[in-house]
Ligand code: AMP
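To begin, one chain is listed below as structure tokens, in the form predicted on its own.
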Amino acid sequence: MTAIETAIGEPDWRRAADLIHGAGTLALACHVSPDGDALGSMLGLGLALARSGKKVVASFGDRVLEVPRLLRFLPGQELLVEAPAYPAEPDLMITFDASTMERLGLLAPHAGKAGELLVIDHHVSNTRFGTVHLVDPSAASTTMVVEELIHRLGLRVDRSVATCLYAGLVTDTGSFRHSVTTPAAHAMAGRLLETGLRPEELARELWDRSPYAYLRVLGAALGRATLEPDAAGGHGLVWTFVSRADRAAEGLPYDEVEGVIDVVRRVDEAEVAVVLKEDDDGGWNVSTRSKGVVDVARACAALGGGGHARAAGFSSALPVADTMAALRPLLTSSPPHLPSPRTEP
């Protein structure tokens, strides 16, 4: 592999490499409720570093450290530690796929006390909250930035590392269906496949499995879906919600409902799809998707969230009706000069 062209300056690449080479213990953290890109990028780099002899700890700042069922096949989970065991003031902390410090949850205070904070991400909404930044909004996934960093560090990408990186790549590109998919994304997939990983096995784990309870909860959510043809600047809005009571009735964990948005977004009559998901503490996490006319990242940012133009989210402590009342007027057509939208699961 040769160095790829990125939006990241050479001084930042060199500074990141120097910090990693000079660090004793490396403290890695991805965003709360990690998806394939967040966990895959963190574990991929963590494995590569650990196998080079580095001491590595990794975590995410949820109240309970529990890897989502769909991602439990990922290698490297032996690196994970609970938040109380995470270094309180790490010399070097590296974050993955988190656009703001708040997205680190319980680990945000650790980031604030880190001697150096290396932020690795691909969100255009990244707030540059670290001391060094490897942020490339043109990258299809954070794992693309991580793969380049691994190359620049002179580390090896074996099958286990490749599995982690590939999981992030395929989830954030929607199996190479989203507009973010580039020749560079396909080229990276080719390099990872050369390690011997089996894409059909990863696809089965990521998309072709669900408990029966998920069908019951999905049915309830679809049964209350609402279509508003005049919303989103007249381009149409479809939305629904999944309450914790829905999940409790079927014994379904919160992380199992992430895929509901991918069903709702298929509606032809709506430009924007929204799914509100109530977590175990009673808060609502809101996922939004756009087909390209409406910049949902801008709408979500106004409510304290962020993401990409075609896929973004935010959290709300308000009831469903009030949350939708706050979001609905923000779903307006994007200006003509808006850059080509990106998609994030």
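The first residue of the sequence shown is number 1, and the count goes up from there. None of the values given here were measured: they were computed from a predicted structure.
Omitted here: the form predicted together with adenosine monophosphate (AMP). The next part is about that form.
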For adenosine monophosphate (AMP) in the predicted complex, the stretch among 54-62, 22-30, 39-47, 305-313 with residues bearing a heavy atom within 4.5 Å is 305-313
H123: heavy atom within 4.5 Å of adenosine monophosphate (AMP) in the predicted complex? yes
#### Entry: Residue contact check: D35 to adenosine monophosphate (AMP) in the predicted complex, 4.5 Å heavy atom
yes
* To do: Considering only heavy atoms, tell me if S287 and adenosine monophosphate (AMP) come within 4.5 Å of each other in the predicted complex.
  => yes
Worksheet item: Going by a heavy atom distance of 4.5 Å, is R247 a contact of adenosine monophosphate (AMP) in the predicted complex?
Response: no
Checked 258-281 against adenosine monophosphate (AMP) in the predicted complex; residues with a heavy atom within 4.5 Å, sequence order, are K277
